[in-house]
Structures are given as structure tokens and as C-alpha cells.
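Consider the single chain below, provided in C-alpha cells and representing the form predicted on its own.
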């Protein structure tokens, strides 16, 4: 399965989603490849930290690809790995389009009370264009860094529901320190010593939606 954490707005939490999904999937015994297709190389830095701090290493394979190689090399590597997760940048790039041309699923996180929701039309247009090359592509949008109070979340959800090409899924990730604390240590939230049960429940709901429903 090839899953993209994507979109065209930076700072929405794509790397957090990609790294957590990769770690959890690998913990199930799957051979997982995490591809960093973002010029900022945050997933690459995260994987390097993880290899340094964990005796057993990252638990998955991490590589950096860009441009057309995201398509060509991923197709070659797809025969070697059980699942591939691609972290794309927050822009409409050649790398992201290359990933969209071969992916099974794109996950698009949106932050309520931000300009993220106003990029929905552009994301929808991008997905529509790429479905001409990849008709089976599934595109899901969900709320990340959800506000503790529901009004802003509800308003963002309604905007997403009205957007063509993207399906809204009720798998919000809260604005929780656990996600930041885990990332700073090269961990998934499921691996923290001081566990945040709500954060774990949220990421696992998203995980199951992606890998068990699709």
C-alpha cells in the first residue's frame, strides 16, 4: 500500500502523520519504507535521530527522493516493501504530483482556525488532475491539531465536507504536547514512556482507517 501525507500548505502536520503511521505499521511486523519527498527533509532528520537514539534502529527504511524519481523509484521499490509512506512538502511540486500518480491514498491534514481550509479548492483541483493518471486514488482530509472546543473544528469540518474530490473523515488529531514530545525524541506517540492515552487513541483511529478500512 502506498500512502501519502500531503497537501499544499506547510505546517499542517504531514510529517507527524507520516512518521507515526510508519512506526506503528512497522511495529506490526510489516516491512515499511518511509520516503521523504519534502525539500525541508524533516522526515529524513527524524529517521536519523531515531537511528541514533534507538538500539534497534528506526524499525523502517527511510530514504530521500525528489522530482520524477518519486514515481520511478517508488514503483521499483514497491516490490520490496509491504507498505510505503510518502511525506510530501506543503506545495504543489513535481515530487507530490509524482507521488499522487502512483499512490493508493492521500491523507491531507487541515488545521482549524488557520488558512489551511482556504487551500482546499487548490488541493481538490490537484487531486482531480491527478486522478486522470491515477483513477483509483483515494483522497481523505481530516482535522489535525484540533481545538479543545468544538466550534472551530465543526466549522472546518463543514468546509471540508463541501469540497469536491476530498472525503472528510472523522479521525481528528488533537493539539497535544505528546505529538511534539514524541517527535523531539524520534518516537511515535505510542512509544512515549509517559503515554497520552488520548493521543494514542487518536492516531490509532487514523491508522486503522487507513490500513484496515482501505
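Residue numbers count along the first chain shown, from 1. Computed from a predicted model, the values in this text were never measured in an experiment.
Same protein, other form: the form predicted in complex with a small molecule, not shown, and the subject of what follows.
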- Of 66, 185, 44, 175, the only residue with a heavy atom within 4.5 Å of the small molecule in the predicted bound form is 175
- Testing 58 to 66, 28 to 36, 176 to 184, 157 to 165 against the small molecule in the predicted bound form with a 4.5 Å heavy atom criterion leaves exactly one stretch, namely 176 to 184
- Answer for residue 144 alone: is it within 4.5 Å of the small molecule in the predicted bound form, judged on heavy atom distances? yes
